[in-house]
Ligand code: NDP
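Okay, here we've got a single chain as structure tokens, the form predicted alone, with questions on binding and movement later.
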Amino acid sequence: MLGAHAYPSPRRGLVTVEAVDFFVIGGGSGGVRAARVAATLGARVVVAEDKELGGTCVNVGCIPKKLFVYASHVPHQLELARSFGWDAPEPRLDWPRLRDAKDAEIKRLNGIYARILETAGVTVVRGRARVTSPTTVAVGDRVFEARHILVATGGRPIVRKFPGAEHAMTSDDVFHLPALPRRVFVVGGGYIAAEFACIFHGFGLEATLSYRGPLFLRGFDREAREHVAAEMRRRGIALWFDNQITALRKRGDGALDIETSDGRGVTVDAVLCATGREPNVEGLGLAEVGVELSDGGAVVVDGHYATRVPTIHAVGDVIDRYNLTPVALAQGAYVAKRLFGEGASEVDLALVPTAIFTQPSLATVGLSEEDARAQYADIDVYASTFRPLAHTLGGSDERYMVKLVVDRATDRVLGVHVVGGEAGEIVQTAAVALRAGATKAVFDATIGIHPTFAEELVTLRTPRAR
């Protein structure tokens, strides 16, 4: 598939250069999508990957995390089963069996990614790539000359510096633990921290979440965040807000003593630092060839995902704009179509739905109440909290929440926020309605499916008093 020619190198003698149309650095979601689309458009494509295909999402992100989320739901589901008259035994998690089953599934997905690229005619090169000029990339001893280069190397977890930080683990480590700890301390206030606190608790561990701010999940609707916090506490997860870890010391028996900024001390068996991620650009040679990087290391791109070096583009978490797998997929496809097809519609990030798989989960699309008030002169808010039908026969006091934010002048629904079981499934459909410009009147005219959780979105009739 690849053309080649040779040129003299002062250090290595005669070097064979392989000519391609599109060289993609990174075999994750955005890179694989871009490579496949470009290949179907007739481009000669190479993907370089130094780890497993699928990137963060498949290997240490969305997929294995969601499998753990499902596993962590089982004790709660068995509790519900007893309320319906089933004699359900007390659950006991076989961690090695879960971990190994997860590994087998991830290996299967790695193979699927490989077959997708192979079927499309994409060449996969194993190894860490380095950009050596605006049109050349080296991978080990191989050199490629490309008309276009795409950087899609994603991000990696970071641990902020504090005494004893070397004893903490990141989210990548959780997926391969040899054994589960009994007590775990989670540091962070984003979706990774909140989700893993719930996963650990569901696995039967003592879980504490520490966050430096007054309330976690910054950027989401405040009322929804407060509701998630209340329900997590109801389940028994300790939430320490306005709190920072200041020191971590390892005991001789392996336990960890933690000191925090508010004077509370605690001894645990493991500490998870989920305090953010950084773009994975180390060693790529981008700055050396003129690609601009932000202060945080993100690749700076324009609206077409082009860097200031015209032959080099970047998509996904490495540009640190909207770090979600479906967004990276859309960006990758857009770049491929723009470079090798007849153009493509720009990626519209105005109404991107997202979900946090806490217990209960939170899903949202559109504006929060706070953002809507800042952007619109007058809004109406419709909200309801209620005990779900599935919990009425037992002793569970868990409550769900639905919320609509509406522009009073146009009646257009600006935001949908749902907290409860399968919130993500509900909001994915609601996102279609919002993209179509649905008004509150459209929601009101829609017949609900009874009895369901989702019908609450079309039965909200009275706005909250202002």
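One rule holds for the numbers: they count along the sequence shown, beginning at 1. Since the structure is predicted, the reported quantities are computational estimates derived from the model, not experimental observations.
Unshown form predicted together with the named molecule; subsequent notes refer to it.
Visitor: If the cut-off is 4.5 angstroms on heavy atoms, which of these, R99, H148, R277, H227, is the one near the named molecule in the predicted bound form?
Guide: It is R277 that has a heavy atom within 4.5 Å of the partner.
Visitor: Please pick, from Y334, F340, Y211, F144, the one residue with any non-hydrogen atom lying within 4.5 angstroms of the named molecule in the predicted bound form.
Guide: Spelling it out, the residue with a heavy atom inside the cut-off is Y211.
Visitor: Considering only heavy atoms, tell me if R44 and the named molecule come within 4.5 Å of each other in the predicted bound form.
Guide: Outside the cut-off, so no.
Visitor: Against the named molecule in the predicted bound form, would G189 count as a contact residue? Criterion: heavy atoms within 4.5 Å.
Guide: Yes, G189 sits close enough to the named molecule in the predicted bound form that at least one of its heavy atoms falls within 4.5 Å.
Visitor: Does the named molecule come within 4.5 Å of any heavy atom of R82 in the predicted bound form?
Guide: Judged by the heavy-atom cut-off of 4.5 Å, R82 is well away from the named molecule in the predicted bound form.
Visitor: Mark F357 yes when one of its heavy atoms lies within 4.5 Å of a heavy atom of the named molecule in the predicted bound form, and no otherwise.
Guide: F357: yes, in contact with the named molecule in the predicted bound form.
Visitor: Which single stretch, out of 250 to 258, 320 to 328, 296 to 304, 130 to 138, brings residue heavy atoms within 4.5 Å of the named molecule in the predicted bound form?
Guide: It is 320 to 328 that comes within 4.5 Å of the partner.
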